[in-house]
Ligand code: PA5
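In the block that follows, a single chain appears as structure tokens, in the form predicted alone.
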Amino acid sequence: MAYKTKEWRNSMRVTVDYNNMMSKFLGEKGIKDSQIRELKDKAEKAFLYVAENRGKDELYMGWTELPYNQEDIVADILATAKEVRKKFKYFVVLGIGGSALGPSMVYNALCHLHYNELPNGKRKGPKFYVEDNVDPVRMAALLDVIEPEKTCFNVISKSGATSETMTQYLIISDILQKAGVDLAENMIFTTDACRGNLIKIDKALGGKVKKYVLPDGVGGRFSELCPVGLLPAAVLGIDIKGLLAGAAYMDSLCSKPNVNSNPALAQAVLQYISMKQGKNIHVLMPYSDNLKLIADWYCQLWAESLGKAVDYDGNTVNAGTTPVKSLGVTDQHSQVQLYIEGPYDKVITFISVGKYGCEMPIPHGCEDIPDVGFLGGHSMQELIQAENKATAYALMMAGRCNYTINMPEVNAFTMGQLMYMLELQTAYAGALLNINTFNQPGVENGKKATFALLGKKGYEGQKQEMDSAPEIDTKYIV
């Protein structure tokens, strides 16, 4: 897929600077070059595992091919998005997990930070909401600000059995039916190609609902670059071809099994070494409000992929590190004190932006007050970038591991790069840990317990097991 010029693409290259992970800068607290060399064979093996299993649906690695195999789908999505923008005043995603975190993240990154408050002439599409929970207050609040009959609802669930999403669907469909609205006119389903409950619902509605396929080999947390994320983005006027082109570009940058030339593999190896050193907390700290929700998306990607009890050999490993979301500069005033002087149990990943979306000069004033006057003549971009560099420097001086992902600017192309790089990093890290990166048995156990509590057929045994647990002891309630 051709996307702008080679020179422009190279100027928009996302890079990783890991100097502040190394012993040259951190002393004994840092990672030695020899430690990376010792992992050369293991890193190559991890790279080859991902490379050799690309696109295999049975291993849930279909996400690796999304930058290349969706030309017809993209054309269809763009046509649908155009019609949605003409017809509807609101667009609402009904989903949870990756089905909600991904669309929210791209919306936050590539739309105006107050998009929904913009007047109609300044918005590229309908007002946008993501209903990603089953808190009744949240649903009531949504219904207070939308007109359901003027809303397109994108229901996202591969199986159509996701309790949270289908609860949202039942509430919305009941409202629409009572208002005399044809559900097929106000619904788009993103689901399995031919099976699952949303397919059954569509058949009951006469097969008239517009549908997009959530591919078999793409898990929810890896789904932002398929119709799950591309449709909402297109409705908002976001350049979805640019997202995919950025992902393909990053894929080309990660084509060698070498830490010195593969940014995703470098991050995976650094995190793996840090895990082995007892650093079990991974902080992602973007210095941009547009990138605030990348941390929410990444927390699911990293935690659900790597938090595994056993490895492929059946060994109990309890793998993974805890991802923590942070935001620069905001969390310099709430978390960085802990990062600099607390336990040596963290790796901090900064995301830095080279050029922000606008200029905001700081006027001169208060020259008689040195604490304020020095700011005049600078800009907010200079200030946030200086604070970013200063925080990284302070961490380095304190012997705290940190590295920086550099984005020349925030646009569709660089966002595609960033997402794909973090997905690859996660896949490489899972291979280094010898675990199944793409399942989520812990999540499934929680779902089963929920089904049992709500009396779903087939879960009577689970309910009996839960009922036989020790009764609550009031002495432990204070």
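Note that residue numbering begins at 1 and tracks the sequence as displayed. Here the structure is a predicted model, which is why all the values come from computation and not from measurement.
There is another form of the same protein, the form predicted in complex with the ligand; it is not shown, and what comes next is about it.
A.B. asks: Answer for residue 440 alone: is it within 4.5 Å of the ligand in the model of the complex, judged on heavy atom distances?
C.D. replies: Yes, contact at 4.5 Å.
A.B. asks: Consider residue 304 of the chain shown here, and say whether it contacts the ligand in the model of the complex, taking contact as heavy atoms within 4.5 Å.
C.D. replies: Residue-level check for residue 304: yes, a contact with the ligand.
A.B. asks: With the cut-off set at 4.5 Å between non-hydrogen atoms, does residue 157 touch the ligand in the model of the complex?
C.D. replies: Flag for residue 157 set to yes.
A.B. asks: Decide whether residue 320 counts as a contact residue for the ligand in the model of the complex under a heavy atom distance cut-off of 4.5 Å.
C.D. replies: No, no contact at 4.5 Å.
A.B. asks: Of the listed stretches (324-332, 179-187, 158-166, 118-126), which one has a non-hydrogen atom within 4.5 Å of the ligand in the model of the complex?
C.D. replies: Every other range fails; the passing one is 158-166.
A.B. asks: Go through 42, 56, 447, 32 and name the one with a heavy atom inside 4.5 Å of the ligand in the model of the complex.
C.D. replies: Only one option qualifies, and that one is 447.
A.B. asks: Name the residue from 286, 227, 246, 220 that puts a heavy atom within 4.5 Å of the ligand in the model of the complex.
C.D. replies: The residue from 286, 227, 246, 220 that makes the contact is 220.
A.B. asks: Of 92-117, which residues get within 4.5 Å of the ligand in the model of the complex if you count heavy atoms?
C.D. replies: Stretch hits, in order: 96, 97, 98, 99.
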